[in-house]
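Next up: a single chain in structure tokens, the form predicted on its own.
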């Protein structure tokens, strides 16, 4: 569904965080991106959503270049982005935050209400506190609200950056269980995560990136079977092959 081709991206002229990243997010699947801090994982998602223009390379949605698309156009095309930090409005209520998440449905009030009730069904604690302001929520509840807000308008592709940040383990486990269900609802997931164990457990395909490049790509099952090697590569980089005689 989504493809990055030879992306070079940075925040300052002449300094690229990503130095030629190429990867694919297969439709109807979860693809995970793992790597050490500073590897460029979050930078990659910002580029894919249109917040950072690439200095080189292309981003394609279903084979079509979207390099010149604004974030609004990408959102309207079904790409949703869940940033690492909470994307909620603190002084608005849960209900008001969700309505903002359904902005594209504002002209169809019945559909908006239907989608909001659907999301409340996924997150009962938000339904119970729908009149509460976001400032009154715990860190885990804020993260749930961030996720819920992106699901009001049904995305075709969800870019997720560190989904379990600030969550208690039991709440994080529930969130990963929700992510696993998304492909069954027609939502492709591209997941950036420091929680390696859960990321490789739920992903069909995993990319290990470091120093701005893809260092390894294998199935999630392969990464689970080689977890010790993966952790070593994250800390030290891949071991170069021995010269052949």
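Residue numbers count along the first chain shown, from 1. Here the structure is a predicted model, which means the values were calculated and not measured.
Just so it is clear, the following notes concern the form predicted together with ligand ADP, a form of the same protein that is not shown.
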{"query": "Ligand ADP in the predicted complex: contacting segment from 29-37, 200-208, 215-223, 181-189, heavy atom within 4.5 Å", "finding": "29-37"}
{"query": "Option touching ligand ADP, based on a heavy atom within 4.5 Å in the predicted complex, out of 84, 153, 141, 93", "finding": "84"}
{"query": "Within 4.5 Å of ligand ADP in the predicted complex, all of 71, 75 and 103 (non-hydrogen atom)", "finding": "no"}
{"query": "Distance check, residue 195 to ligand ADP in the predicted complex, heavy atom within 4.5 Å", "finding": "no"}
{"query": "Contact label in the predicted complex: residue 230 to ligand ADP, heavy atom within 4.5 Å", "finding": "no"}
{"query": "Residue 234, heavy atom within 4.5 angstroms of ligand ADP in the predicted complex", "finding": "no"}
{"query": "Ligand ADP contact in the predicted complex: residue 23, any heavy atom under 4.5 Å", "finding": "no"}
{"query": "Residues of stretch 40-55 in contact with ligand ADP in the predicted complex (4.5 Å, non-hydrogen atom)", "finding": "40, 41, 42, 43, 46"}
